[in-house]
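First, one chain by itself: the form predicted alone, in structure tokens.
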């Protein structure tokens, strides 16, 4: 029944993509895509409820359902549903592309399919292929508007992400090569097999391989200094695509780093690998904070916030321990839904005011009392203000940091989070209470845009007010699986 549910998920998403390409009516395509997203969300919830914490292996050594992969799939399913709902109203207002909207939804479903496939790959090589496929699918979505800026952002994304992933591939090959000295020239490559051979392999070789993987997948995560593609791709694509990139794609790439870190958990190099991950996360947080303070464009502000939060997650996984890992995982879920809300509001406001610049958006509450209030709530949530869920994720992983060997990063993070809070909300203060706008904004928002924004804000508020015991137990099982106590 478990594998049947997963097969249905893949079949539904594939069929939705095919049907969207076949039909010519945009209204039909958007309903097909939303229906697929809804079914996928329900199926992932069912899989979370019935899959044991030890995981389920299927299809030989190729696919494996485990708690960590399912958690990433949950984030993807939620963002896919919210983005599909928001896209209905948002994409309808892109009048010049109306004739091609069925292609948008067809590629959107393909992108979701690649994101669902990566977390269940049990073969590190196939996992790498899945991550590369996400690049190909999402690049077309970034360039969907076919302007000079979007095409440039898509090419920059493809070139930098592919270059980084080539390093991740080299690191994977080196891990495999390290195993040949123990298991012979040929063996089945799985995550568990890599973990078994790591304590027996050459320490310098596997640590160098991990550094290549960290840089390679870190490029796709958007960790500094390999982050330069992210602000362009996230800011130039349509808002639903930006939400998928930030709330789903970055998690899948982070999963690659975490799984290779797990491989080293029984080796002396594990502590050094954790320190490398914490250092890269700390640098990412610093750079993101500086750019957030000086930012002038609305969606680039949200994009640099993604770099900030992925840096915080990297530090949580680097801290290790039960609290560090559990805080990072809770941060992952809350960032997915909260950043979706931020991008939904940013995209809708940009279209309403016909401006990408923060200076061009003024007196939001006067023109949009409901949407403006929801967008402001998402801004408060993404900065880590209580009582939203991100606050508890950050508090938990910082508690884990206090018990780690990298507790210096706790003070570093606390200081920079204050900088981010002041800088981010100062921009919103100008947009909400600045001088009157130079042009009258559009006053009509489609109900699906408001519904997606409201659901995302309600989710992060609910996760902040109530952390269910079942979620705590599930995250504790993942932390135990990663070697944390």
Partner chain sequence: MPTPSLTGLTQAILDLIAMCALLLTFVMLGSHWIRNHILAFAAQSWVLAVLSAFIGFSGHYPALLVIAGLTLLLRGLVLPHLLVRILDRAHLNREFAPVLQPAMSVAMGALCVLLAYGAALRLGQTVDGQSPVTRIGLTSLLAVVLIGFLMLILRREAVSHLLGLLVIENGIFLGSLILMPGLPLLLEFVVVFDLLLIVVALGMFVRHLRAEIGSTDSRALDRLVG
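Residue numbers count along the first chain shown, from 1. Because the structure is a prediction, the values reported are computed rather than measured.
This protein has a second form, the form predicted together with the partner chain, left out of what is shown; the following refers to that one.
Just one of 286, 189, 373, 367 comes within 4.5 Å of the partner chain in the predicted complex, counting any heavy atom, and that one is 189. Distance criterion of 4.5 Å from any heavy atom to the partner chain in the predicted complex singles out 162 from the list 275, 399, 162, 355. Just one listed stretch, out of 166-174, 408-416, 347-355, 327-335, contacts the partner chain in the predicted complex at the 4.5 Å heavy atom level, and that stretch is 166-174. Contact check for residue 156: a heavy atom falls within 4.5 Å of the partner chain in the predicted complex. Using a 4.5 angstroms threshold between heavy atoms, residue 62 counts as touching the partner chain in the predicted complex. At a distance threshold of 4.5 angstroms between non-hydrogen atoms, residue 232 is in contact with the partner chain in the predicted complex. By the criterion of a heavy atom within 4.5 Å, residue 152 is counted among the residues contacting the partner chain in the predicted complex. If you take 100-126 and check each residue for a heavy atom within 4.5 Å of the partner chain in the predicted complex, you get 125, 126, in sequence order.
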